[in-house]
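Below sits a lone chain in structure tokens, taken as the form predicted alone.
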């Protein structure tokens, strides 16, 4: 599998899925024959922005669904609120959802009452919610952006982690150090973490492990390589017996990907999926629906570039014959009359 970076002008200049609320960080899944999207919900406020992410002051989650891409988008309303999570103090950031044990699970990050990001879980009987939070966060969890893969043998893996506001660099020793900085530019970049979930999906089976992302020669991607290094938003999907780890580069505002034969890695970097969009953050999911693959992502076009007023969009995702992913143009030119 060779990396490619050719641009394909696909018909993907879509309007936001919804415009009555600001949405971001879409986690898309097919449940019960429908497409369900689990986004974060940006508040409409005019507070200051900073690297700590204080502008992302989200307090609840909504669930969106589609029968197909020609049908209306249904907003199932508020399915979980901060006030119903005993351990959480603020900032319900990017969630994910999955189904197992005849139960729907919503995984989400939030700051505890010491200001440390943890990952919690809520349960429901319907993919549309509502969800009811467990009284405690997952023991041993930290940082943000949980993404859960149900793999062969019904094994469940959670991938997570994000720098800066997501505090990932604060956990390099295994304990939270509020003064810790990231690695030097010439040192290996920090990777996302992965942990296998218990059968009941409410705890980790073992201590989370950092994932290694390497180049084609097997050398670790360095922290100074901002075009390729991991920043936040991990998502793992499987295609043709390969595991695809896609993620945001953060400061260079791209979605990129790496591949492995093992869900635990190491993952070999391959290329870019989505170039920069309007706004600072980039967070996504990849899902197969009705025999096609789709990328769900967000930009800030609905708010004319306000970074904490985002909107969810989608694009068809295509693979080359060798399994590499074709680069998506988020803003292709309009078709000629």
Ligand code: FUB
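Owing to the predicted nature of the structure, the values given are computational and were not obtained by experimental measurement. Residue numbers count along the first chain shown, from 1.
Here the subject shifts to the form predicted in complex with beta-L-arabinofuranose, a form of this protein not shown in this document.
Residue 107 falls outside the set of residues with a heavy atom inside 4.5 Å of beta-L-arabinofuranose in the predicted bound form. The closest non-hydrogen atom of residue 93 lies within 4.5 Å of beta-L-arabinofuranose in the predicted bound form.
Contact annotation for residue 56: at least one heavy atom lies within 4.5 Å of beta-L-arabinofuranose in the predicted bound form.
Using a 4.5 angstroms limit between non-hydrogen atoms, residue 268 is distant from beta-L-arabinofuranose in the predicted bound form. For the options 258, 144, 255, 147, the residue carrying a heavy atom within 4.5 angstroms of beta-L-arabinofuranose in the predicted bound form is 144. Heavy atoms within 4.5 Å of beta-L-arabinofuranose in the predicted bound form are found in one stretch of 66-74, 43-51, 277-285, 27-35, which is 277-285.
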